[in-house]
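What follows is a single chain, given as structure tokens, in the form predicted on its own.
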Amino acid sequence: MKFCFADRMANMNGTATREIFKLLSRPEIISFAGGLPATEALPVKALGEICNELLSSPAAYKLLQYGTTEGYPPLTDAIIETVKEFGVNAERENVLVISGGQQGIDLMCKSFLNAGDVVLVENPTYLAALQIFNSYQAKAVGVRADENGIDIADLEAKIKLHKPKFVYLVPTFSNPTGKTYSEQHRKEIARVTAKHGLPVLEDDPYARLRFSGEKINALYHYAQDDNVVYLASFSKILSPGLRVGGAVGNAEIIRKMAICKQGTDLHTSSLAQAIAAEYCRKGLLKPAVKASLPLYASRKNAMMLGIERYMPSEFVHTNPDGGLFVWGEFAGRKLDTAKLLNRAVERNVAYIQGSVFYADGSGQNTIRLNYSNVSEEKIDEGMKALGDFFKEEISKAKN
């Protein structure tokens, strides 16, 4: 039978990170491809105890019933308290509990995008966001960027040219590059977007995973026209399996997103919300995150050392102060890292090809590496295999 799928499915594929897992069935493969928090950082015991307490309480039945779309009030209050750390001040009417940060991207799209609309993004940007924009038949247009963030002049030029519906940014420890926008850059983005009456979707799942450098307030903090929607997530700092996060923003936008959520999943799991809320109420979140930072720092440093020891001299890379990712480019080389991936996997090491993070599909000579869920020993072993592989490929290309 030939099925007649919606037009929006024509250009949609599974994200590279999901698809690559199909290649990684062999346990001997060292994967730098995912974006998982460290297994050691998952608070299994604490969450088990909280879950037992909640389901043993007289009000347990409420957590197994339907809840309000806007969210479980104790979790809403916990989110309000948590985001204050980065200069994000809000009331309950400004918060929507979401099923992971990625749902926040989807609900923003549902609220704003018509087929053919434009969203401006940093080039490169989060690949799942590009897939979501595509699902709404919108066009993502990349804005040039450097180590401080997107090019302000290019941003303003593309706002005038494309009349976008909103801008999507990951300003702190970006996925995929690991870069962080400077405070001045955030102020400039706030100024330019307010000037043009343009909403900004600020995706911020990594800011608490800072292991060096000085904290910077969220872009939301510098907004001049209440035009920034801030996405907070518990996926990287508590558990990705709980699928819990929060969208914070203008009350009118949050209301539209809530209406869209009603038709998507009605509400985020009541039990998952209660577990996250209780974890915060007990004061466990901050110390647990703090305790995880030396582990992430150690693994990032192991990757930096592995790059220095083993990767070819043409490999130019970031050195982030936090988050989960390192971004690299084979400067001056025409390597197609997407075509080379399967052969790297044959060497028992994996990465993500950089081209999937570009709105225009460029960046063929770039890769993203993840260090968070691999031991220091395996990072060294994997980087040696990856370095040997790319040195051979570069040598072939020269001959």
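Heads up: residue numbers just count along the shown sequence, starting at 1. Computed from a predicted structure; not experimentally measured.
Absent from the display: the form predicted together with a further copy of the same chain. The rest refers to it.
> Would all three of R8, N227 and G263 be in contact with a further copy of the same chain in the predicted bound form, where contact means some heavy atom lies within 4.5 Å?
Yes, all three are in contact.
> Looking at 78 to 86, 176 to 184, 210 to 218, 241 to 249, which lies within 4.5 angstroms of a further copy of the same chain in the predicted bound form, counting heavy atoms?
After filtering at 4.5 Å, what remains is 241 to 249.
> Would you kindly say which of L305, I259, A157, A291 lies with a heavy atom within 4.5 Å of a further copy of the same chain in the predicted bound form?
Of the listed residues, the single hit is I259.
> Though a further copy of the same chain is not shown, can you say which of C280, A297, L113, A140 has a heavy atom within 4.5 Å of it in the predicted bound form?
Selected option: L113.
> Residue-level contact is defined here as any heavy atom of the residue lying within 4.5 Å of a further copy of the same chain in the predicted bound form; does K286 satisfy this criterion?
Flag for K286 set to no.
> Find out whether any non-hydrogen atom of R144 is located within 4.5 angstroms of a further copy of the same chain in the predicted bound form, and reply yes or no.
The answer is no: R144 has no heavy atom within 4.5 Å of a further copy of the same chain.
> Is there a heavy atom of L64 no more than 4.5 Å from a heavy atom of a further copy of the same chain in the predicted bound form?
Yes, L64 lies within 4.5 Å of a further copy of the same chain in the predicted bound form.
> Taking any heavy atom pair closer than or equal to 4.5 Å as contact, tell me whether A194 reaches a further copy of the same chain in the predicted bound form.
It does: once a further copy of the same chain is placed as it appears in the predicted bound form, A194 has a heavy atom within 4.5 Å of it.
> Where, within 353 to 388, is there a heavy atom within 4.5 Å of a further copy of the same chain in the predicted bound form? Residue list please.
Only a single residue, N373, comes within 4.5 Å of the partner.
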